[in-house]
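Next up: just one chain, as structure tokens, the form predicted alone.
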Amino acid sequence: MVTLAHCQALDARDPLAFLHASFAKPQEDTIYLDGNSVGAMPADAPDRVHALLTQGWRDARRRGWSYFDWLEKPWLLGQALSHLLGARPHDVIFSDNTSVNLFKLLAYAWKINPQRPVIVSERYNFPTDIYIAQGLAHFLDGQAQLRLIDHPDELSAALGPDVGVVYLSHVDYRSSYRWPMRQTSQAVNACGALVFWDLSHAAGAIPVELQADGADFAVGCGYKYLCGGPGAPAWLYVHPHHQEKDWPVIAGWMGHEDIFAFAPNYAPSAGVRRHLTGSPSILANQAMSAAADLWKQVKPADLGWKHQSLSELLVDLLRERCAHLGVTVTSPLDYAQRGGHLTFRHPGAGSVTEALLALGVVSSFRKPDSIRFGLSPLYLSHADIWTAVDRLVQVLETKVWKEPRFAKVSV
């Protein structure tokens, strides 16, 4: 049986334990298992933002563009995170939000493969992903066609000479199923198509090898496991082979080869920078930089060990202590097929989630009966996982979740 002492022994081996103190401690005694929604705040983020507000906005104002690294931040943030993504430092930039980056790169990928009009995606992909694809097909008035699959096993049959782009979430936001990136990319490229990954539920939780695994394009958000704060900028990646095949879809000022030439005609910047659009989100980038400086210290191997250890511990505890109480793990049991969070099912999932909140455990509910525990390797401990499951057992054994006060489920 898994004991608290066993969890504490694992914590003694944690290669990322030195970073725990780098995150702000919440005022309430709470275990946050919501890294798949909003990550923890780096302790110095408020000071960084305050310095920008006072030294940058209040005092420097226009001069801030010259005095500070505001214009270079999208590039610097990408460099800080690139090693966790398996990308070269100059192949990743932070820009806009996930939806905008999805549109920019999906349209770009479709345009550079013009003889193949079909985009293949998952019918139950994350809503914004599928909406972007539907919107692009609508905008192109039938030139782009969307072909949807219901299950990963259907991908091979969906591939054909008319497929130009395969557009997938690396990790399913419900079950946490993780697509095998290398095998999938190889299969897609072998049929002459390009592969585009959304890594929002992977980056910052599990190490990724974008270039080695053959990803043509990728995007991800900054506010989940990457801990950039609510509304943090998103990031995008373009494989070196594709960076200068065409203009970006949005030919913005910051993507020009010489932004202060104020030239009357657009000329794209070299490399991935051409996908920058308008002025950077200075305040959001400043908050994101607090997390980026922490990520610089993280080795991908350590991230991988820690997340796998937390995830496998949680599976063991749920099956050992909660199975007889109606809990069923619905994420893949093979760790290689799991992403950042772990999902389990219970008939009263919504109310159970609310009862856990009352006991200081923050998780998330997905209809009709699923609970997600987001596992952030940088600030969660193995003891945290043990305590969270112990409180879950209390909720289920006492059946407190059936009380009327837990009937209304929050977002």
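Numbering starts at 1 and runs along the sequence shown. The model shown is predicted, which means the values in this text are computed figures rather than measured ones.
Keep in mind that the form predicted together with a small molecule is not shown, yet the notes after this line are about it.
Tell me the stretch among 198-206, 177-185, 308-316, 254-262 that has any heavy atom within 4.5 angstroms of the small molecule in the predicted complex. Result of the contact check: 198-206.
Residue contact check: F217 to the small molecule in the predicted complex, 4.5 Å heavy atom: Residue-level check for F217: no, no contact with the small molecule.
Taking the small molecule as it sits in the predicted complex, is F103 in contact with it (heavy atom to heavy atom, 4.5 Å or less)? Although the small molecule is absent here, F103 would stay clear of it in the predicted complex, with no heavy atoms inside 4.5 Å.
Taking heavy atoms and a 4.5 Å cut-off, does F126 contact the small molecule in the predicted complex? Taking the distances in the predicted complex, the answer for F126 is yes, it comes within 4.5 Å of the small molecule.
Taking heavy atoms only, is K224 within 4.5 angstroms of the small molecule in the predicted complex? Heavy-atom contact with the small molecule at 4.5 Å: present for K224.
Candidate from S331, Q286, S121, T98 lying within 4.5 Å of the small molecule in the predicted complex - any heavy atom: Checking each option against the small molecule in the predicted complex, the one that comes within 4.5 Å is T98.
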